[in-house]
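To begin, one chain is listed below as structure tokens, in the form predicted on its own.
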Amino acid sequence: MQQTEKSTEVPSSRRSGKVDNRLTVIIPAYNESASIKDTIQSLKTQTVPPEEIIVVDDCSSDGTGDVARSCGVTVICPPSNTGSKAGAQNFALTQVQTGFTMAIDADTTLAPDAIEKLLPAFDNLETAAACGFVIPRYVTTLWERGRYVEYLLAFTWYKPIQEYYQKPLISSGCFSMYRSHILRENGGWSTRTLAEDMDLTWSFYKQGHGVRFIPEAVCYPIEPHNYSFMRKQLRRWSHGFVQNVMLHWQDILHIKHLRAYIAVAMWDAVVASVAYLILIPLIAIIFSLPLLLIGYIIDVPVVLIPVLSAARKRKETLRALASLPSFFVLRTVNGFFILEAVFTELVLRKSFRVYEKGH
């Protein structure tokens, strides 16, 4: 397969001091023939369309590249599979000649004005990255419903608080825009952890750059629909989070607000998971206190209020109520994976590095 060749020279608009507001979108894709056409179409119909769309066909075996070419976009293929989303994105970054770069997953579509809504975040020259609101495209299975409630809670409660203090915990890898020259100065997306988007976000903070969360910019990824895919995704996310804490902890201590968010996240991940998976059932059995099991749902009101508030605005109240039990199932399962990651990475010092597709 012939590889597209482009110059990596810095655009003349930047050399002359002019602001380059053009955008290139990178879509890393491995065996995404079933979804990539929708992704490309949602990009082409944006109110502010990108200058170029580059699909990285990471040695797919299902005709992903052919589907993308039929949509009239640039398709490039590395000589061998890069082994991760970060690797595929870096392969394309060398060909980006625009002032802004967007990375979007090949199973994700955008609201028609998503790009338009993100761009004003970069009016501040200190902004290196901006991300938007994430909501599952399909909400049918137990796992999709659990993720639906999880995202409503995260993107209408936690994320706005983080944005208020100008320290979003992560610029979501499924849909984020970057200032190209800052992205290059960082070396693109690192492959040293399994959560390249978190690594990149925290690296930006360390370098003094800003990251923004813009809730009006909405994207719709396809979430894992069964346990097999969810297991792969949760394992990758859990190990990626722990790897980033280990990598960045000394820098985090000096970054106001971010250190608090990560401390709370670690507390919730470890202490809450131990309580859900071990302490509550153990005490209930030993002391014959079945009522103690109410601890699994004692925070239902705390979850329900922001979730129903967000669902009401989206006219999805019944969907949110019906999906709530799935959220607690997902949270419990997620607790197992985060504890496994903490034990493996911190105690056994065995780092998990296999990038497994989770969708």
Partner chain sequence: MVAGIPGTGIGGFFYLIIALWMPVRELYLKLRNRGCPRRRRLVKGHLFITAGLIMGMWATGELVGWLLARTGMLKTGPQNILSVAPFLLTLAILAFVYMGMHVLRFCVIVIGSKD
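All values reported here derive from a predicted model rather than from experimental measurement. Residue numbers count along the first chain shown, from 1.
The form predicted together with the partner chain exists for this protein as well; it is not shown, and the discussion that follows is about that form.
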Whether T156, F241 and F327 jointly form a contact site for the partner chain in the model of the complex is the question; each needs a heavy atom within 4.5 Å. yes
Would you mind picking out the stretch of 106-114, 256-264, 69-77, 177-185 that comes within 4.5 angstroms of the partner chain in the model of the complex, counting non-hydrogen atoms? 256-264
Does S33 make contact with the partner chain in the model of the complex, using a 4.5 Å heavy atom cut-off? no
For G63, is any heavy atom within 4.5 Å of the partner chain in the model of the complex, or not? no
Contact test in the model of the complex: F91 vs the partner chain, heavy atoms, 4.5 Å: no
At the 4.5 Å heavy atom threshold, is L125 in contact with the partner chain in the model of the complex? no
Since exactly one of I222, M102, V139, I214 fits, which has a heavy atom within 4.5 Å of the partner chain in the model of the complex? I214
Within 305-333, which residues have a heavy atom closer than or equal to 4.5 Å from the partner chain in the model of the complex? I305, P306, S309, F327, R331
